[in-house]
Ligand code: NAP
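Okay, so here's just one chain, in structure tokens, the form predicted on its own.
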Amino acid sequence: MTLPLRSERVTRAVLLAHPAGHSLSPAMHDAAFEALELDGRFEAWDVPPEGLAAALERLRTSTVLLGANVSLPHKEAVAGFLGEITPIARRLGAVNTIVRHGRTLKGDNTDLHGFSAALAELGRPPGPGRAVVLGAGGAARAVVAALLSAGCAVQVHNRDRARAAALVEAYRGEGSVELIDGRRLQQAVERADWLVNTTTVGMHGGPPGSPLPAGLLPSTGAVVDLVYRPRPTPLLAAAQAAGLPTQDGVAMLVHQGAASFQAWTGHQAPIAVMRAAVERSLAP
């Protein structure tokens, strides 16, 4: 596990992820601390699964760390190490935000808020309609919850069928949600009003290409890819060439990060400042 050697005097929050070097969270949160004239810093800790317990103990015993963001691959595993879990994080089965209260670490989830706020920016409220979600990890759980809450019928596809089945089972009774296999994927995608990729396929440093077979896209629906590097991803490039509405992961990143920042500091997050910092970091 690689932890930073910078003095903790100004450290205020961290990211727990593996790998962590690609994250834009430090730039985003540091810009927020500076804009609000808070003596704070945000650091990305590269924490492999075997180092998670030690990283959380460091967070728990610190006198200056306010909390953490949690990303792949820890969003589901981290809950077992925390003293408290908010109802929304428990419902989603995933934690992306930790707030330290004394020596107690409280797990929360701001991904559902982040995704819902991001969709609002597209100007296409999900409403009643059909959605296909690719993936079955922590982010997928937030996406499915948001789409179900908006009244969508959701179909989930993932290469690990057992993980997808567990996700679907977790939301059974909250709306129309079902697992689909590869044989039904083409028809489901073509008819979808919303297609959301929550996998790492197409991400810089991740599996290359698109998560869908070449040429497979919604006929008229919007395409959202939570990956934000490269811009555009192969999936979004194909969707844009087909004239479909698209959105990458920047909007969700900023909105979920803003909610986390407010939970740590008690200050209203400067969303425009945080987005500008992300856009600068992504600029060629």
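Each residue number is its position in the shown sequence, starting from 1. From a predicted model like this one, the values you see are computed outputs, not experimental measurements.
The form predicted in complex with the named molecule is left out here; the points below concern that form.
Using a 4.5 angstroms limit between non-hydrogen atoms, L226 touches the named molecule in the model of the complex. Shown alone here, P207 lies within 4.5 Å of the named molecule in the model of the complex, counting heavy atoms only. Though the partner is left out of this view, A32 does not reach within 4.5 Å of the named molecule in the model of the complex, counting heavy atoms only. Proximity of A131 to the named molecule in the model of the complex: non-hydrogen atoms within 4.5 Å are absent; the residue sits far from the partner. Listed residues L105, M203, A79, V168 were compared with the named molecule in the model of the complex; M203 is the one with a heavy atom within 4.5 Å.
Screening L185, A153, L72, L179 for any heavy atom within 4.5 Å of the named molecule in the model of the complex leaves a single hit, L72.
Comment: 250-258 is the region of 46-54, 32-40, 234-242, 250-258 lying near the named molecule in the model of the complex, near meaning a non-hydrogen atom within 4.5 Å. In the model of the complex, the residues of 144-177 lying within 4.5 Å of the named molecule by at least one heavy atom are, in order, N158, R159, D160, R163.
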